[in-house]
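As structure tokens, one chain now follows by itself in the form predicted alone.
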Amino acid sequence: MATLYQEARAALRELALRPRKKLGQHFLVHQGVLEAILGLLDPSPEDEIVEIGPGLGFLTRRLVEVARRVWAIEIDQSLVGWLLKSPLGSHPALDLVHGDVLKVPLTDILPDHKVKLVANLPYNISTPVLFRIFELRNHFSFLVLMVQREVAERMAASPSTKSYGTLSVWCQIHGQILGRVAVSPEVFFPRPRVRSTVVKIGLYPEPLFSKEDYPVLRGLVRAAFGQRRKTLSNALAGWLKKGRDEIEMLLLREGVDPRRRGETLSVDEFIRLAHALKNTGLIADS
């Protein structure tokens, strides 16, 4: 029986396809890591699953063996053609979607109820894809994502650490990391120059901050992390175009030292400050 590595090499030869750096194509060819992903995803016969980046279909064929329905979104036309010609192409559980996950109208494709999501995110677009997934969070029960190790560290980072930033806050208002699997470059073909991590994110029933007020929180977080060396009062004064005294009074009322830097604020403190800003006139002209 051929290994996943041998299958990948044979398929790429048949396709006369060289993995495209522009698309971040690194095919998972390690059975153990595949099993680890399935362990985190825990597919069942009642499940409906979205897979971003099926590639050569190694995970996809395992999913359709179990799940009721799988939507596989692939940007590369050559791989879409390959999958359609393979036994997967006629599998009744598979809906193969050709397109860019940043542009595909997922709300038109997916059912009203929640489904699971699994993705091997290209390193060059992982952050914008994550933000899009969070925008569509009501469609998903939980996420299993292969990302660059540094991205995983940012997602889980705590205040006052080098990795803590906008992505940390945004991930943590939507859910919590329930599991991780470290992945070395050797499990891919071709080998990337970075290490990866598979993370399972359990999404809260509702985000910790109201979706209607995201612009307030987004502006606050961007201002706080935009210039890390600035004190919070200076960073917010620059964003809101208000006097420092007014900003400092707001911060002090919320129990936050104006001399602190944004990277020291916890997610709860960001939420509290965003609520306070929303309830004042400070943000009206920002």
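Start at 1 and count along the sequence shown; that's the residue number. Keep in mind it's a predicted model, so treat the numbers as computed, not measured.
The form predicted together with a small molecule exists for this protein as well; it is not shown, and the discussion that follows is about that form.
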By the heavy atom within 4.5 Å rule, which residue out of P185, G99, G179, G202 makes contact with the small molecule in the predicted bound form? G99
Which one, A237, L28, L250, A223, lies within 4.5 Å of the small molecule in the predicted bound form by heavy atoms? L28
Okay, which stretch from 213-221, 256-264, 53-61, 241-249 lines the small molecule in the predicted bound form, with non-hydrogen atoms inside 4.5 Å? 53-61
Is there any non-hydrogen atom of L15 lying within 4.5 Å of the small molecule in the predicted bound form? no
At 4.5 Å between heavy atoms, is L106 in contact with the small molecule in the predicted bound form? no
With a cut-off of 4.5 Å between heavy atoms, is A10 one of the residues that contacts the small molecule in the predicted bound form? no
Can you tell me whether P122 touches the small molecule? I mean in the predicted bound form, with a 4.5 angstroms heavy atom cut-off. yes
